[in-house]
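In the block that follows, a single chain appears as structure tokens, in the form predicted alone.
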């Protein structure tokens, strides 16, 4: 098995996919770092101070102005009201929700990348792990080797898990190193609030507690890794079922984009909470943002994703071990 995994890793490295992904992440992190720097600079010029309390107070006023509009959908209004109460809580307790530093940037980057950007990166690796054997004409040689088929597929899946771990770690590391050039490398011990309870537009603060940012970041990384593994396994299943790599990537891309759209439209469609793409933004639960459908919790979303992961794994091995050789 070790030789098979080593062989698969060498094939993956030869394609330079991880290098390409690293370049993409690096470019995007630099773009977002510059955008956030310009935003902070513009805000300081507008307010005439570097005091974060003044900036947060201005955000509260802006949110109140938006809530005064009568043309807003009820679900958006509810999310804004939740955000407003959380901003007021931070201000009342003298806690900066955006403590400057690379650690804060990395946390926010991961939280915004968990449902689309990182899944897209994982898809680049996972979608052709098996289907590329068809396009290269090596599938017959692979299936007729004197090695059990499940071992061959398991070696590819372990390679996928290693790749997922490398991509998640590389994204976090590049975010920290590159953004730190502008914002500095401090902020690991900054307090972050977690434990907001939501009931519609009402915010329950009875379970709120302060967590050091490095602990919060570890929780974010664990949830990002879980989502990446689920998306990777689903892409892996498509790679087994669909002979064409572009077709498999197209199906997965359509599912991910539809999930991003559905998250803003499914508040009244309760059964949509069983779709994997509606459950990808796991970090919102620990940061206190409202879920796309009322009643969804971190536990229910994790269970839903694990069910999809298990089904995808079963289908992948069942289809690969019964695949015809011709």
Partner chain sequence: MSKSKVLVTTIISAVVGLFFLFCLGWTIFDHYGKKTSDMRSTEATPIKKDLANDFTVVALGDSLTRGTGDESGKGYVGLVLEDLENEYNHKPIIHNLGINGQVSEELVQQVKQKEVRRQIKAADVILLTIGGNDLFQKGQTLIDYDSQVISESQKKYMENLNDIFKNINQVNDKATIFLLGLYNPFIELDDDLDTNRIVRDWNNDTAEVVAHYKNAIFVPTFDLFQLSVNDYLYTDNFHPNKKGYRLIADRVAPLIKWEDEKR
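All of these numbers come straight from a predicted model, not from anything done at the bench. Numbering follows the first chain given and starts at 1.
If you look for the form predicted in complex with its partner chain, you will not find it shown, but the lines that follow are about it.
Asks: Select, from the options 272-280, 29-37, 257-265, 42-50, the stretch whose residues sit within 4.5 angstroms of its partner chain in the model of the complex by heavy atom distance.
Replies: Result of the contact check: 42-50.
Asks: Considering non-hydrogen atoms and a 4.5 Å limit, which listed residue (143, 182, 154, 166) is close to its partner chain in the model of the complex?
Replies: Selected residue: 166.
Asks: Taking the shortest heavy atom distance, is residue 88 within 4.5 Å of its partner chain in the model of the complex?
Replies: Flag for residue 88 set to yes.
Asks: Please run the contact check for residue 6 against its partner chain in the model of the complex: heavy atoms, 4.5 angstroms, yes or no?
Replies: Judged by the heavy-atom cut-off of 4.5 Å, residue 6 is in contact with its partner chain in the model of the complex.
Asks: Hey, in the model of the complex, does residue 289 get a heavy atom within 4.5 angstroms of its partner chain?
Replies: Contact check for residue 289: no, nothing within 4.5 Å of its partner chain in the model of the complex.
Asks: Even though the partner isn't displayed, in the model of the complex is residue 251 close enough to its partner chain, meaning a heavy atom within 4.5 Å?
Replies: Output for residue 251 is no: heavy atoms all beyond 4.5 Å of its partner chain.
Asks: Its partner chain in the model of the complex: within 4.5 Å of a heavy atom of each of 64, 210 and 221?
Replies: Yes, because 64, 210 and 221 each have a heavy atom that approaches its partner chain to within 4.5 Å in the model of the complex.
Asks: Can you tell me which bits of 76-112 touch its partner chain in the model of the complex, meaning any heavy atom within 4.5 Å?
Replies: Contacting residues: 88, 89, 91, 92, 93, 94, 95.
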